[in-house]
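In structure tokens, the next block holds one chain alone, the form predicted alone.
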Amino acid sequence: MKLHTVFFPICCVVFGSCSTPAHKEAKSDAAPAPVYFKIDPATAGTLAGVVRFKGAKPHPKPVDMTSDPACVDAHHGKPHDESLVVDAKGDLANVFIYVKSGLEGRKFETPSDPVTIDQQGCWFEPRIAGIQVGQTLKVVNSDPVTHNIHPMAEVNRAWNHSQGAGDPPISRKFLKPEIMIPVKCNIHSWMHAYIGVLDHPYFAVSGNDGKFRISNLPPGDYVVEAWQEKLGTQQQKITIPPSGAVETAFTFKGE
């Protein structure tokens, strides 16, 4: 009968294990770092303009806060509805203007600074706000009363959170673009705001003079949209030349 000799590697017998061959080294599970689009300041341009209202100037409607006397005291003046704010020259405030298309395929770094909404005088300040995906929304209560902020998102997760007088800020993030998210206070029915969530930094809100400005915009062809909570939306095709400054105007018609 033949005896068959079986040889084992010395390292396995003596030490109980064998080293992994160099060509079979373990692969890292770490995700690759995101590649952000870098804006060239030498070629970036600017979009500026004004938003106007055409028609009979609306009369501001008074807001009744008497259900909460503390709000009456905190507001310091007679509150009026701000869903349609038009000055004597017909300039329209609180319009959200943003690049709707033309930036596809580019990833922009999320700002580290938060966007703050304050509850002051039983009022949301600002009424219209823009924020980037993943950027922190900080909600502050400067009032002597309790509020309940309630962003009624549809694409993102809706949430509501009570915040008493003196409570620390509430911090939240939105993970997907969404235009626009209505915000209300579940305690004070007259409190309203809107948040525009974008995956880029190119947006603005028209001031009391109707003016807006979007800076540091890469040259290219864009569709720009203006959103107003009562009057809907308008779009324009805009071309930003290298190092160029483009001016435009949006006009919303009333009754």
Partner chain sequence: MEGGQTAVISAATALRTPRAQAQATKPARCKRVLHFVFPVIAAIASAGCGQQAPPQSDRPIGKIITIEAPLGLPPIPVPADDPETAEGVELGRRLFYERRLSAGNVLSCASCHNPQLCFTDGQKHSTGFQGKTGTRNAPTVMNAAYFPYQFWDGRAASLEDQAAGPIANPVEMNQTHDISVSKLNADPSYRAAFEKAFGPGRITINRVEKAIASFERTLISGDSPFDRYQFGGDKTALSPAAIRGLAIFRDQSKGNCAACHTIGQNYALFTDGKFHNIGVGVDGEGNLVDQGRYSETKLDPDRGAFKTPTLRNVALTAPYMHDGSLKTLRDVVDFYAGGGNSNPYLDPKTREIKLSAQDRADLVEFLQSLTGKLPADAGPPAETRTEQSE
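Residue numbers count along the first chain shown, from 1. Because the structure is a prediction, the values reported are computed rather than measured.
Omitted here: the form predicted in complex with the partner chain. The next part is about that form.
Practice item. Would you please decide whether residue 78 lies within 4.5 angstroms of the partner chain in the predicted complex, comparing each non-hydrogen atom pair? Key: No, residue 78 is distant from the partner.
**Study point:** Exercise: residue 160 in contact with the partner chain in the predicted complex, heavy atom 4.5 Å
**Key:** Contact check for residue 160: yes, within 4.5 Å of the partner chain in the predicted complex.
Point to revise | Partner contact for residue 142 in the predicted complex: the partner chain, 4.5 angstroms, heavy atom | key: Result no; residue 142 lies far from the partner chain in the predicted complex.
Review point. So in the predicted complex, does any heavy atom of residue 229 sit within 4.5 Å of the partner chain?
Key: Flag for residue 229 set to no.
Check your understanding: Heavy atom within 4.5 Å of the partner chain in the predicted complex: which of 120, 83, 135, 146?
Key -> Result of the distance check: 146.
Check your understanding: From the list 215, 208, 67, 43, which entry has a heavy atom within 4.5 Å of the partner chain in the predicted complex?
Key -> Selected option: 67.
Review point. Where, among 124-132, 107-115, 92-100, 162-170, do residues come within 4.5 Å of the partner chain in the predicted complex by heavy atom distance?
Key: Only one stretch passes the 4.5 Å heavy-atom test: 162-170.
Review point. What are the residues of 172-209, in order along the chain, with a heavy atom within 4.5 Å of the partner chain in the predicted complex?
Key: The stretch 172-209, when checked against the partner chain in the predicted complex, contributes 172, 186, 187 at the 4.5 Å heavy-atom cut-off.
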